[in-house]
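Heads up, the chain below is alone and in the form predicted alone; it's given as structure tokens.
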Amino acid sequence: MAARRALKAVLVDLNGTLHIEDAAVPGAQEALKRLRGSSVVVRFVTNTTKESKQDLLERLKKLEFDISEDEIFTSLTAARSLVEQKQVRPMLLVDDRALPDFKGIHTNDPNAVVIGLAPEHFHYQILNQAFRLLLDGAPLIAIHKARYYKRKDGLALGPGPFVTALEYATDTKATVVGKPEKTFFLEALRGTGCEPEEAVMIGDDCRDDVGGAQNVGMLGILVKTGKYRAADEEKINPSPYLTCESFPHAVDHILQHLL
């Protein structure tokens, strides 16, 4: 790993870190303002595939977060870029609310499968259709492979188990575009003028947020909100740079010890 440099950028996860669905993490708005008052560049990175970037931005604004669209980098953005690069016609196994982020992409007579979090579509008939496309040689693109995520009513299955089922049934391997992939973090930093060694990632997912960021050279801060479960920090090596109660505590540490 390259030598640590002065901190210039902070990447922040959204659902589970700043908010849980339609409820903000207590004190998160004020903590974000304090972070913005420092010298660092702030970017927001999310694996969410439940809604388009525009819908996500509206949700955040209703929660009184001061965030602009160009500060958000989503796994949907990364997936669309890969579809365009490969010039394929995807079967989109995503939530209907995420479809606007694929506007203009041809989906007739699909020759690829793109899978995100799509609870309404995860049933036998649709998954079997995807299975048959993959058997015919279609590539499998996973927007991410999270095992589970946090909802208001508790933890819920993520797309990871369904991606893995299709991989197992077809003896293929998915191309994953979201966190924890290195390319995702590097793309999120593009345009900030910062190297990974000058950045820190704050998130509630030990593997995807913290482990992924640390694998590319960033510091990783794990927060005990959202999907966090006791002893999560022991699931990755190296362990998180810091584990703390919530986003406001992470901001406190950054302002006091990293700047």
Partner chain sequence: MATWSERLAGVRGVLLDISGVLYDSGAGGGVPIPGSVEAVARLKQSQLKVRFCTNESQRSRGKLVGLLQRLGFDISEGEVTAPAPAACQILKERGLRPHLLIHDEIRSEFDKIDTSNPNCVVIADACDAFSYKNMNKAFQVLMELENPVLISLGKGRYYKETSGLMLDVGAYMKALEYACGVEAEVVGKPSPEFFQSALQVMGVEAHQAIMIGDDIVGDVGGAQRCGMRALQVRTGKFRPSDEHHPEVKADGYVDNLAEAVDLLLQHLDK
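Numbering follows the first chain given and starts at 1. Because the structure is a prediction, the values reported are computed rather than measured.
The form predicted in complex with the partner chain exists for this protein as well; it is not shown, and the discussion that follows is about that form.
The stretch from 67 to 75, 123 to 131, 98 to 106, 85 to 93 that comes within 4.5 Å of the partner chain in the model of the complex, counting heavy atoms only, is 123 to 131. The partner chain in the model of the complex is approached by residue 164, whose closest heavy atom lies within 4.5 angstroms of it. Although the partner is absent here, residue 229 lies within 4.5 Å of the partner chain in the model of the complex, judged by heavy atoms.
The closest heavy atom approach of residue 139 to the partner chain in the model of the complex falls outside 4.5 Å. In the model of the complex, none of the heavy atoms of residue 80 sits within 4.5 Å of a heavy atom of the partner chain.
Contact here is defined as any heavy atom lying within 4.5 Å of the partner chain in the model of the complex, and by that definition not a single one of 187, 191 and 254 is a contact residue.
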